[in-house]
Every structure is written in structure tokens, then in C-alpha cells.
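Same chain, two forms, each on its own as C-alpha cells: structure 1, then structure 2.
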Structure 1
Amino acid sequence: MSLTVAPPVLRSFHSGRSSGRPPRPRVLMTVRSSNTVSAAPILIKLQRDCATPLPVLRHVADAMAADMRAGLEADGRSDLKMILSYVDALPTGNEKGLFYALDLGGTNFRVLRVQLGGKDEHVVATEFEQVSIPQELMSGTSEELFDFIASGLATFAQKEAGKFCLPQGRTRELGFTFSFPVKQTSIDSGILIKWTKGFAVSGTAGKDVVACLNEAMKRQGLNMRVSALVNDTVGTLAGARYWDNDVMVAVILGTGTNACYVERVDAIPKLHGPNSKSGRMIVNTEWGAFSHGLPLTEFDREMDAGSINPGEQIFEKTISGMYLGEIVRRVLLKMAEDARLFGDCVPEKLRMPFSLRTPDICAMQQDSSKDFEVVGSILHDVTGVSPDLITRKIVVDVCDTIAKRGGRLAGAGIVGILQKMEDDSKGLVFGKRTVVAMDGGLYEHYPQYRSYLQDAVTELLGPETSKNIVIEHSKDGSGIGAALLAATNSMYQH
């Protein structure tokens, strides 16, 4: 059976449930689940289907590297789009002046300004604001969405004062982080290929998103120019590189997922046109679309079939924050239907797509109380019953199985990228300190996921090589990164 899923309400990933719910009863009625015995085979099968032993990880890492090569050959050759970012100069630390950044990629957009002070003063001051995007705009028209964003940006720009100073006569410059697949045509233009992560805005696909923003800024009377259009992974890489020269890869593990890395231009056959001065370019892999060799289950296939983009973003649907809770919900629903996990009736709410969120499964896995109290209370929220201890343990095992598969596959993906880079430049990746800058709420807030990811990297690379690979959390680096890239590509530099 496949359910047709309306675009889920995206929420940023954080632990704990929203406070808007009715208070939970203090004394919960315990349902005797003698049927946990029959749920066991479903769990065992799930664990078998989701298993990621070393050969599976290796296969995924190799396939990722092979898909990267194919995607670099020519467009359309691979699941991986390997999008050229046209970022060929990374921040050096010499950047100076006032720059803005706009970050659009989830339920919120963020605006930021930064005053850069060059080598001695680095980041003199930053200020940011976050605005949540009304649900209806996520499925409205392109104009409505961009007008809303430009108006937020205009209000923010009006508050510029204090340490932020724009030399007279200059136009404000903006780094635009747009976290969706875009076919870039230059550093400051790019055509939206498709929306992901539940966005379904009409009239943007096939258009230059910078032009959409510029027109909206004009309608708002805002004098600002987009100097750099960047994916959030690219912003994260640039932001992290500002402080650490060893950063070569950036990964986002949040609502959605993606990775980018620094590539040699002579390894990009599809790159035509002016050569990069540095001989390098950041490539946005769009690895969310990867699909080879993944250990998928009936639950993944059903979720995909019911999604707004069936057959697409399979890696993203297996490892990212938007989907992990939903996969667990589908497993629990099967256990409720086939093995009466929650008693004689199947809880109605459990049938509702996305009623169990990834922050819920994360919170359940953090529960160290003797009676799994947090698990009990989250399950009560979602099912209306309070299951007994054995059932709670089974639910935690389901969460662990899905988080483990996600974390380990993400680790294998990272190794695939590093492996490809190492194969092209022997010793320059594995033979020295190489940093993977990581951002996203899933990675930040889910400790088990994080450690499964690290385990997979260590298993694949071995204890010696893995010492050189540092996975570093680079929180909210993409905003500053985009502003830095606006500085690097400023029209006043040329």
C-alpha cells in the first residue's frame, strides 16, 4: 500500500516536541503488548534489510566515486549532477568591507550582514535575522515567494548602523545561498532544476533564481546586487575555509543533504570556457540524488512512491532529517497492523504521514531512563496509548536501525568523495590533515547518528588514514561563507 503524501510541514531539526500540544497525562495507561513477540520478526527483517556491513559501505563509497566521475564528464551521465559552482577563488582572509548574505533552503530564510576587517581584524561584526516562511508560500507562486524574501531583506537592510559601514556611493553586495539544485551558468546566475525538501513553488523551475531575486528587490526599491549565488554546501566550505586551509569538503546533513568539494579543473571534462585562475573549482555534487547499492526496504520504497518526487533524491530519502522519522513511522505502522504492537486497534495518528518526526526518534534514542519514560510519552503523543516496556524497547531498536543505516551510509558517501580526490592526487588527501566541514541539524543534534557516521568512516579508511580525516562541525558557516564569496567576487575588486 502506498499513501499519497502531501508536502510535509518542514520544521527545523531540534530535539523535543513543540509546546503547542495538549499537556500529557501524568499517569499513562499501559497497554499490555503480548504481541511484541510477533513484532520481533519484523524488527529482525528490518535490521537485516538495513544492514551496512563493510562490503556494503565499500560498494556505496566506490559507486559514489564512480558516479562523481561520470557526472564530471558531461551533464546527464550520472545520478550526481556535479554542478559547477564557478567558485574558483576561496576566501583568503584579506576580504574587507560590508557584505550581506541571504540563505534560503528550508522553512526559514536568514539574512545576515557582516563587516569584514581583512587579515588583522577578520570578522568585525555580524548581525542576522531569521524569518519563517509561511507554509502557503512554499507551494505558491515564484513571485510571491521572492517578494516575501526581498521585503524581509529590505527591512533588515534599513536597520544597518553602528559597526556596519558602506562606503559612499557603493551598492550593497549580497551572497545568495540557495539550497536547491541549480544549474549554475556563472558565479552570479543559475537556473533552478527542481525544488526539493517539500517545496513546490510554481514558476521558478527553469528560471534564473538570481533574476527572480533581483526583480523582487527592484520591486521593493532595494538597491542591492547579488555577487555570488551559492549552494549551502558551497557556503559552508567557503566559511570553514576562511579559518582553516585544510577544509576540502563540506557536507550538509539536515532536513536535506548534500556535499561539495574542491576539484581540480583538469579533472572536469565538462567545464568549457574561461579557465579558473586557481586551477580549482568547488563542485556541488547534489549527492541527495545518489541511488546505487543502497540497502533499501519496503518502507523506503513505499515512502518514495508516496512522495512528491518519486524516484528522486533516494540517498536524501535514506539518510536525511526530513525522512528518518517517517521511515520509522512506517515500520511502526506495519508492526501495529501485523503484530498489534500498540494493542488491538491501530492508532489513527500513526497512519498520518510525517506524524513522527526525526527529532522524536532522536529524543527517543537519547532516553536513558530505566522505564524509557521519554519514549513512552512521545509514543503516547503519537499513538494515544502508552506501550509497555518491551514495546518501548522495540521502538528504540527501530529508531536505532534507521539512524544507524543513515549515519553509516552518510559516512560511506564522504569516503567516496575523499577516495575520488585521493585517486586523482595521490597523498594529498589521505596523506595529510584533510577537513570535512559539516553542518545541519541532523548531524548537530543526533549523537548516535554522528557516531555511526564516524564509525563508518573509520572502518572504511582504517585507523591510520582516518586519523588524517577530520570531520568538523561548522555551525551556520554557510551564511558567512556566502558573504565572503560575495566579497571575493565583489564588482569593486575588478
Structure 2
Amino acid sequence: MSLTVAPPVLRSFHSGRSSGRPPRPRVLMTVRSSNTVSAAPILIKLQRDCATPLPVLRHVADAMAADMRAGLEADGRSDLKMILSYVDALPTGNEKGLFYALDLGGTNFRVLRVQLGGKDEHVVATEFEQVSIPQELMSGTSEELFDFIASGLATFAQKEAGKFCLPQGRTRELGFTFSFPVKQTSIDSGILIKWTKGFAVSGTAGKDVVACLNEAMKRQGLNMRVSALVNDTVGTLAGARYWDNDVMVAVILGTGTNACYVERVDAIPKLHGPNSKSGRMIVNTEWGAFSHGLPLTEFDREMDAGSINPGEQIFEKTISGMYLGEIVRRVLLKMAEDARLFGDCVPEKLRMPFSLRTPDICAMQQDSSKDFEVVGSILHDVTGVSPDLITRKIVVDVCDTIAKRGGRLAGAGIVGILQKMEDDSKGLVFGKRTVVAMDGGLYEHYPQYRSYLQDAVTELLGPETSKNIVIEHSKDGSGIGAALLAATNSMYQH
């Protein structure tokens, strides 16, 4: 029996076991689930606890809008941090010249250059490279890490040729995507709050990360400066806005999740200092921390209690790719323990946290074969047994229940952002075309999740209003978005 369980691209939203599997001989031992009837009450309760009817969606959307307002009043007033990006000038398409981007957010960093040709030529050419960060630098000194990054940038810059042209006498300008907690103080400065994602670099906390990078580039003799510090969600909005002036919101749904949007500065009471020239600014919601009115189950609470950040990031733990597969695993473990779903013995592999990944549940939901062969293969990998057809169908129902709740809640969150913008602009959002730019592997590769998200938006807004709200995939827009923000904040005239 030769199977292709999931396309390799699914790995982009959750790392781990390979999505493709070699041919597997048909396993003779099959679990005959005479006990699937006793698993039914667990499934029914799960579906009831995860239900997202319209009143629940409306409550979540309203609570999201209320939390946004509270977070804009003052820091600490809301679960949502509502971080000011200081991005008040968005790409228009008129930008010209050569610009660079650096994306640092994990064990690799990516460098990119783009040649912009203005309204007539737009993006003339792009190039990028990815560089792995040695493990020892992730726990070394600040100077060592930034010198390594600046050295990679310098090597990349030396390969400038062909369509990439820096006018004589100019300094290269860089958009810096930095996906760690920072307190941004201007478009080109931000104080590191703390390292996350396995980094424990000494000597950086409390320092301006832009100054750290600029100094390292100077030590390398590299003629380049940071002109914009952004996070990946802000970069996604900027990248999408370059091609479409109606983009007002950006959402990332991948391993984690976040959203940002274009806000009026007169609706940001906590903003102090010089007013924005445009009267608008991108606000980074950090919506993963939202928690009000969410339909949670015993499995969510157990997972949260055992996490490294209990009580935090509840919305993210309900809707993002890091967690959907783990929630399904916990449900199946209970069914195995209480209803003997996989036979008399509980499979030891099923007890291992995160052994079932979100790409796996996505692949199982897309299995259209008559006897759910893909489902059987994945479950064999995870449990070590080959369950019968009835059990496979129950597992698919569990996957669908968790994905449906996640997609619909994400849709309600989007409507909450749009509703807040609509209320403050007195009808200028829903009455015209408004685009939500989406990025992230979960959204890109999980069609059922995408469909559930869109359904929730349509249900909440109604058929007429929802026609004006366009939810578009903006693949990998954050990298070029950072370069575009370097262009819009250039010290040179375009």
C-alpha cells in the first residue's frame, strides 16, 4: 500500500516528523472497535463544548473589539498589548531603489534585497539567502550574535550585481524584522524586553536592538543602516499594501498567530509625542493573548496547565498550528483510556505530547479514499496499531471539531478588529472594499480551516457586508514588506 500522507509544504507550520511516508505493507493486526459506541459520548461532549454558534462568535468579536480599545487606552489595561509600530507611512508603489531586509526570528536568519522600479516597474528583482545560526551563538554574547549576522549581511551585499544597483554615494537601507519581544520607541529603534525561542544571549536585554545591529555592521565595514524595525505581521501588511491599497488588516496563522491593522492616531490615547504625518499608524495587537468568551474544553485546560506559559496565550492555543494537533491527541488519548478506542491497551506512543501534529490532522481531514487509508497510516505511526474504519471516521470527526472551532474563532477575531475600525470610522470600513491579508502555513495549507474562517466572517457580517471584506492569502509577504518599509522610511527622496 503506497501512500502520500501530506504534501511536504505542510511542514512549514509545524516542524517534526516528515509529512511524506514510505510505502507501508498492509498491517495484519486490526483493532476491531466494538468499543467505538462508548467513544461516542466523548465525541458528542467535545462537539458541544467546542460549538461556535453565531451568539458565541458575536460575543468573541465584541470582546476582541473591547479589549483592543482598552489596550489602546494605556499599557496593562487589556490582555491585548496593542503595541505601537510607529509605522505611519505605508508603501504606495512609487518607491524606487535598492533596499534590504533582515528577518531574525528563530534558529535561522534570512536576508533579502529588492530593486524597486516605481509605479511603472514595481518589483524589478529580488534575491534572498538563509543562514543558520550556530547553537553556541544563541547563548553567547550580544556582540558575537550581531557580528555573525552583520557578517552574513556583508557577504550577501558583496554579491550585488545585475539588476541590483545602489546609486553612488548612498548608504544601503535595511528593514529589520525582529520577532522577539521589544518595546518599540520609534520606527527605527526598539528596546529588547527578553529573548525567547531558545535564545539566551547576554548583554542585550534593555538595549536598542537596532543600535546593536548598526554597530555590528559598522564593525564589519558594511555601508548599511536600519531604517525600519518591524515585526512579521506588520511586514505582511506592508507587503500586501504595496500591491493593494485596500489592505487594512494582516493576520498570521501558522505555528503561532498574530494580527495587526491600520489605526487612526486620534483613536490611540496612549500615543504620546509628535503626531503622525498621515494621521494613521499600524498597531500590532498581539491577539494570541486574547481570552474572553472562548469555548474551552477539559483538553484545552489540561494542555494549558502543562504548558511553559499556563494562563497565557489562550487564543493562540485555541486557533494556531502549534496546538491543534496536540488538542486532538489529548482527545484521542481519553477515548483510548475510557472507551478502548484503539483496543484493550492504550498505545504508549499516544501518551507522548505533540506526537500528533497539525499537518497530520490536516492530512487526515483531506483523506478522500473509501477506507481512509491516509488516516489509517497516520494513526499507525502515532499509535502503533491499525484501527478499523469506524475508528478512523471517529478520529476524522475529532479533527474536524477542533479545526472548525479554531477557524471560526479566528474569523470572529478578524470581525472584532474590523468592527472596532468600523465603529471608530463611522461606517468607512464595511461600506467599501477592505482587504485582510493572510499569511502562515496553517491558513495556506489547511483548506477546511480556511473555509470555516470564511464562514464565520460571512455569518457575522451578513451576506451583503461580507461581500466588501476580501480575505486574501499574501504568501511570505513579511520579508519584502520589511524592505518596502525601509523604502517608505528612506532618508533619500524617491
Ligand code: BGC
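Please read these numbers as outputs of a predicted model, since none were measured by experiment. Counting starts at 1 and follows the sequence of structure 1. The term rigid core refers to the most C-alpha atoms you can superpose between the two forms while keeping them within 1.5 Å.
- Look at both copies of the chain and name the one that is the form predicted in complex with beta-D-glucopyranose. It is the first structure that is the form predicted in complex with beta-D-glucopyranose.
- For A74, decide whether the Cα shift between structure 1 and structure 2 is 2 Å or greater, given a superposition on the rigid core. No; A74 is a residue whose C-alpha shifts by less than 2 Å between structure 1 and structure 2 when the cores are overlaid.
- Yes/no, P181 Cα shift of 2 Å or more between structure 1 and structure 2 with rigid core fixed: It does, since the P181 C-alpha is displaced 2 Å or more between structure 1 and structure 2 after the core fit.
- Core-aligned CA displacement of E422 at least 2 Å between structure 1 and structure 2: After core superposition, the C-alpha of E422 moves less than 2 Å between structure 1 and structure 2.
- Can you give the CA shift of V209 between structure 1 and structure 2, in Å, with the two forms fit on their core? Shift of V209 at C-alpha, rigid core superposed: 3.7 Å.
- Message: Looking at S132, what is the CA displacement between structure 1 and structure 2 after core superposition, in angstrom?
- Response: S132 is displaced by 5.4 Å at its C-alpha.
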